[in-house]
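Form predicted alone, single chain, as structure tokens, below.
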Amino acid sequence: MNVIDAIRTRRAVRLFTEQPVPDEIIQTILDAGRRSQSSKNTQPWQFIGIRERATLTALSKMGDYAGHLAGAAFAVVLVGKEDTRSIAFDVGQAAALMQIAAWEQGIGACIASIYRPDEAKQLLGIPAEMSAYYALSFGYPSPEHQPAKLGGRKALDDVVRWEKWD
């Protein structure tokens, strides 16, 4: 699959099979995030990979729409420095590359917002000065998974302006 096809066909997957993801594929996904660009090459992220079902279930209860974490083969909690101004953008880029790398391997993914980051930090032993606002669930898509229809996006002309706003 080429990059454009991966971007065009990837959809959020929230329902997974119980099939484990091989370690080599997990490493490939994590390495894609590690290779992401960042502001001034600060690489302000750390990734916590989670496969333990009890931890996945606990995390799934820390966000209103994070239930998919409980059924994932594994998840990655995206950790960054609280005082890094560009952390949301940099971590977002790492998350996007991990999801595209996963999709190329036939692995679905979905982002989850952690609404109770202090609880997540305590659960995972994350230092106080670090942030933990997002996690990604990963796994093989379940046959019952119903992806959004292809297309489903605004037209390019509806979101792109040239030279200035008007």
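Bear in mind the structure is a predicted one, so any value in this text is a computation, not a measurement. Counting begins at 1, following the sequence as shown.
Omitted from view is the form predicted together with a small molecule, to which the following refers.
Undergrad: Quick one: from 101, 112, 26, 120, grab the residue that has a heavy atom within 4.5 Å of the small molecule in the predicted bound form.
TA: Looking at the other structure, the residue within range turns out to be 112.
Undergrad: Can you pick the stretch from 49 to 57, 28 to 36, 123 to 131, 64 to 72 whose heavy atoms fall within 4.5 Å of the small molecule in the predicted bound form?
TA: Of the stretches listed, the one contacting the partner is 64 to 72.
Undergrad: Taking 4.5 angstroms as the cut-off for heavy atoms, does residue 12 touch the small molecule in the predicted bound form?
TA: Yes, residue 12 sits close enough to the small molecule in the predicted bound form that at least one of its heavy atoms falls within 4.5 Å.
Undergrad: Would you please decide whether residue 153 lies within 4.5 angstroms of the small molecule in the predicted bound form, comparing each non-hydrogen atom pair?
TA: Yes.
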